[in-house]
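Form predicted on its own, single chain, as structure tokens, below.
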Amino acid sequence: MWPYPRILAHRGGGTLAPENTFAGLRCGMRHGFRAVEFDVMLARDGVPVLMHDPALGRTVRGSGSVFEHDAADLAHMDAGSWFGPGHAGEPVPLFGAFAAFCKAHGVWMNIEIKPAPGYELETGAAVARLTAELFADEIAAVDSARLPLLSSFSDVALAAAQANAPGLPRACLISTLDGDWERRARALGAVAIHTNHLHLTPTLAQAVKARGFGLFCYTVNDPARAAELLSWGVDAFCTDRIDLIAPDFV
């Protein structure tokens, strides 16, 4: 069973705003989205921040790696100019503030734990602990539909999340579903499988659903493809094209 929203804005605002920023989140909200996917990794001081790339330079002006800077320093870096001059000075969000904003505004979160190489355990633990603190009441009430979903390509990060916040649901990110996907998911107590839609087939989709897992796809930007995937039994997906695929897409 999938108790969560069906259509998520990828990294906040998809292609319409700088990724993993408050500007992106607000853009998605203006388009009606109340469900979002975003990436989290650790700064040098162990504080989680929204970031996809371990190295600075693509979306954030600067040099070196995320884990070579404290969170306060990253929060003063420019994460918007790469997208366009109208977003110059857009800061790197601290995860705690971003998650609290989402919760306060009724935005459901798929939180991808995106550890920099070598920081898998620490990142999974830190993100899970902070999320569990924010959603302590919902965890106590076993209110699954209101709980965010932690996902990751890293089994180490997900295991650390499981150990530090067992009450939070987890999903395995697996690009291509090979013969080992179910064992990995069971070992991590995952409730869902998140996979690249380009590698999914109707047979694989049916297998995931038959084994009791939720099935989520990334990143679906064509409405015809979205409709096809939903017809296969896919429960949900994220999209960059929030201008083409509305949150109530069926």
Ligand code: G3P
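Numbers follow the displayed sequence, beginning with 1. Owing to the predicted nature of the structure, the values given are computational and were not obtained by experimental measurement.
The same protein also exists as the form predicted together with the ligand; that form is not shown, yet it is the one meant from here on.
This chain lacks the partner; the member of Trp181, Phe67, Tyr218, Phe213 within 4.5 angstroms of the ligand in the predicted bound form by a non-hydrogen atom is Tyr218.
For the options Ala165, Leu94, Leu147, Leu173, the residue carrying a heavy atom within 4.5 angstroms of the ligand in the predicted bound form is Leu173. At the 4.5 Å threshold, heavy atoms of His52 reach the ligand in the predicted bound form. At the 4.5 Å threshold, heavy atoms of Phe153 reach the ligand in the predicted bound form.
The chain is drawn here without the ligand; in the predicted bound form, the stretch among 112-120, 68-76, 125-133, 94-102 whose residues come within 4.5 Å of it by any heavy atom is 112-120.
In the predicted bound form, the residues of 21-56 lying within 4.5 Å of the ligand by at least one heavy atom are, in order, Glu37, Asp39, His52.
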